[in-house]
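In structure tokens, the next block holds one chain alone, the form predicted alone.
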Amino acid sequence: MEAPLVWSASIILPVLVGLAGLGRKKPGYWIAYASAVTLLIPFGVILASWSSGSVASPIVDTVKIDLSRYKIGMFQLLMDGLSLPVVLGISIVTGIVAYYSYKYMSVRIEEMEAHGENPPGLGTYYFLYNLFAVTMLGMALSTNLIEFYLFLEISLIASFLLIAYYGYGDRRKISLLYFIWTHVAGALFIAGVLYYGVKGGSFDVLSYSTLQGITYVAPAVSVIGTAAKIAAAAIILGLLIKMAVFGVHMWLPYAHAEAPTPVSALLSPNLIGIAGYALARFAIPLFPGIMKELSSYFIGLAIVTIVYGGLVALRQDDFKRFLAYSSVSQMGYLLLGIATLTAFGIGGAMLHYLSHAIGKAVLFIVAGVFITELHGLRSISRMGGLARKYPLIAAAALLGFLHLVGMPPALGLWSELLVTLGVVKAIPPVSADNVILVATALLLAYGVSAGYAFITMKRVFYGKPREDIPESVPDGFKQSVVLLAVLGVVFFLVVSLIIVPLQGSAETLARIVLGG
């Protein structure tokens, strides 16, 4: 269905809020509330569609920019079942973290000023934060490759500046590392996009009409022939770098660990997962045959990513660096589901985007509590017994870890179940050896995830408590982390509202693969 200005307003209003505070050293709490409310607009739209029973229908903004005469295609903003969990994850996490940011960034800026630095104020932070948030939303709603790339580039610039201005450690060096790696990924992506679009005469991938609903363009091989392999190689490699899978993951632990914690809460679950979404949204319909040829290799790469990221996470003493490596591991689950090219696997991957977004945002807020309330504490070896003083924070952290592990009452149970079904369907049990190999690989992957989650939970929250732990946590921190944790449980209970439209879109992509 067409919805007048609903997605346009979701992108424009948070930017206007940011502009209203731009340049102010410390605007009032109004900027946190206004940012949170405007960033939660997509969540409100989805709630309204659920209440009306129309969530299975695509929601398309009436604003369209027709650039067909320039052979670019049509820019429009659309949410369907495939992008539903991605839009949910972006809206909920960016909205709640916007509220949480005010207290945290006030402390961070004061800390920097105490060290003789002169960072931009909270007004500039919120402008860059809101810009970063809405560009991720724009990517999730894009139907055109150039449109997606424009949002991608703005998101990378905004996030680069957030790290450079407010990060920890050698933040200028780390932000430059982040900038270089992400722009290598972006350059590969746009090179492949231009190669495909110039030869094919358009950059559209899907379109919507009230009569036909969503329709995808013909596979690239039928449009540009064997040149599709060149375009596919550049696009897929660019997205894998952005996704930080094994072998091209080196940049992520540095950037995400040293970014301001509210920014880490967006970078690690939301931004890198967008690359996985783009693989499903763009690479599968454009290059179904090529994706099918690469499927088994991607499944192997995904398993290695899960295991490697989890094992290296276990070796980390810095809590934020631990969370960064666990994100590498979690991206393996997204790649694993997408690589199956089945409706179960693709749907599970997109659901895991939402599960990971909520769970990891909870854990990054928990890390932020330790940094602000325990004098910059990040060392896991210096933690222990924190559950006695922070029982609410400990309970929320446990729910966050359960999302990563895939255990009830966390949404990750359903996402990992769907991914597993996708793997089973993609790899037929042609022999007993094949069954044993697949089962062993999955058990190893899931076992490593459970290991790093529960071992870290024990090291941080149980054992002998520190004597200098304060008794309370600021309300803004508690409200944010509890709200996110509760929403994760609610989605676990009402998951059918997400899965029904999601599976419909995933089945369409699976049929394209079978026909391609």
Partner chain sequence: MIETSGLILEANSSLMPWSLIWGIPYLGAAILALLYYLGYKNEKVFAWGSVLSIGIAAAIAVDALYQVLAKGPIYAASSKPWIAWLNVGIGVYLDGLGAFMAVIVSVLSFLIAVYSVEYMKGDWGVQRYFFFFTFFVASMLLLVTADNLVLMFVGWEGTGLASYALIGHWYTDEEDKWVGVPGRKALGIPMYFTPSHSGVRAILFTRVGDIGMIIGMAALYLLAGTFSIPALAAQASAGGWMVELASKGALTALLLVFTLGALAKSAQFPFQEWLVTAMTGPTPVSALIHAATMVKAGVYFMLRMAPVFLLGAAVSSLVAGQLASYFTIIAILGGITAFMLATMALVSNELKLILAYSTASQLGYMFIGVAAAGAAISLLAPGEAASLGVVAGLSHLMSHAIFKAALFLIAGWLIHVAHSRFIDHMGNYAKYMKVTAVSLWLAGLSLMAIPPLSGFFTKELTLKSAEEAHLYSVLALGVITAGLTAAYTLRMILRVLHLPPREETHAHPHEAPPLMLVPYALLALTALVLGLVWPWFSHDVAKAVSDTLGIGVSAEEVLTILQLHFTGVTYTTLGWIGLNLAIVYLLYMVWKVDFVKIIRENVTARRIHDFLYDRWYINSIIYIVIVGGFAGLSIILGGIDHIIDLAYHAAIPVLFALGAAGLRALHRGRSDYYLMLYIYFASTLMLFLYLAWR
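Residue numbers count along the first chain shown, from 1. All values reported here derive from a predicted model rather than from experimental measurement.
From this point on, the text means the form predicted together with the partner chain, which you will not see here.
- Residues placing heavy atoms within 4.5 Å of the partner chain in the predicted complex fall in a single listed stretch, namely 420-428, out of 420-428, 99-107, 129-137, 227-235.
- Residue contact check for residue 123: none of its heavy atoms lie within 4.5 Å of the partner chain in the predicted complex.
- At the 4.5 Å threshold, heavy atoms of residue 169 stay clear of the partner chain in the predicted complex, well away from it.
- The partner chain in the predicted complex comes within 4.5 Å of a heavy atom belonging to residue 181.
- Among residues of the shown chain, residue 325 is one whose heavy atoms approach the partner chain to within 4.5 Å in the predicted complex.
- For the residues 208, 277, 165, 344, the 4.5 Å heavy atom test against the partner chain in the predicted complex is passed only by 344.
- Among the residues 448, 487, 36, 45, the one placing a heavy atom within 4.5 Å of the partner chain in the predicted complex is 448.
- Shown without its partner, the chain has 402, 405, 406, 407, 408, 409, 413, 414 in segment 399-415 as residues with a non-hydrogen atom within 4.5 angstroms of the partner chain in the predicted complex.
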